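First, one chain by itself: the form predicted on its own, in structure tokens.
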């Protein structure tokens, strides 16, 4: 009987595993090896880790976790998680069953890119999803915002922090006149024509081609992606979701199902940044440990 199964080997899951290990709790972390940031070249905004590649970060994190004998990392895909009385049965793709007192979901999110021809060629190299993560590298350049809905206004304002040459491409979405006026006052242009495609060279954005035949030169930018849960376990277990599709949790990662915890991007409780995900993993593991300790004092 394991104390905890952690599903997901990103920064949230790995930091949770570290905390579990330092508490001497029997834990298995399952990592399928398909991180959301696999197209990312460098990660930023994490003190002492600024500029680290995701692969190097993961390597260092695993070395930290592996110092603690009560935790093991298994590169397996989890197929099902079900509650069996007061504990949980976790089954892997290989058909093995594991029993655990607690389950911590660090399964993250999956990006859904807009249907713009050429966006796959630039995503992760010159077009990104988070200006806090990549804005510094794009500073003072000709930037594009690709956003097809209400978030266009928000990101147009935000990206102007890093450049005075920002254009918002809404791909046919009609931005309210008041929002256009606000952006215009700060020299942020709005282009509502439909996009034919993006031109690029070796992953670097060079131009946005519009369906009206106009080409607009751009060098980099931000795309507002759709976000969906990477795994179905929270829904299968009956965890309540938030209005934006995240897993509802309290301050220590507890979901609405007793014994199930969630952390990192999957909870959609903050910007999807490395440092925030790692911190939430630490908090959720602390929640697991505190609840295990409390339960020991009330054994029948």
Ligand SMILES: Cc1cc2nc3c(=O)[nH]c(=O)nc-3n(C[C@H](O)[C@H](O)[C@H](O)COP(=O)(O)OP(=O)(O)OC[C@H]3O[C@@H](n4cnc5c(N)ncnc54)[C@H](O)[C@@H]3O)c2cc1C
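Just so we're clear, the structure is a prediction, and the values are computed from it rather than from any experiment. Numbering follows the first chain given and starts at 1.
Although not depicted, the form predicted in complex with this ligand is the subject of the following passage.
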Q: Determine whether any heavy atom of residue 56 comes within 4.5 Å of a heavy atom of this ligand in the predicted bound form, and answer yes or no.
A: no
Q) Does the 4.5 Å heavy atom contact test between residue 206 and this ligand in the predicted bound form come out positive? A) no
(Q) Check residue 111 for me: does it contact this ligand in the predicted bound form (non-hydrogen atoms, 4.5 angstroms)? (A) yes
**Q.** 4.5 angstroms heavy atom contact with this ligand in the predicted bound form for residue 70
**A.** no
Q) 249-257, 235-243, 61-69, 265-273: which one contacts this ligand in the predicted bound form at 4.5 Å, heavy atom to heavy atom? A) 265-273
Q: Would you kindly say which of 200, 129, 170, 160 lies with a heavy atom within 4.5 Å of this ligand in the predicted bound form?
A: 129
Q. For 6-28: residues with a non-hydrogen atom within 4.5 angstroms of this ligand in the predicted bound form?
A. 7, 8, 9, 10, 11, 12, 13
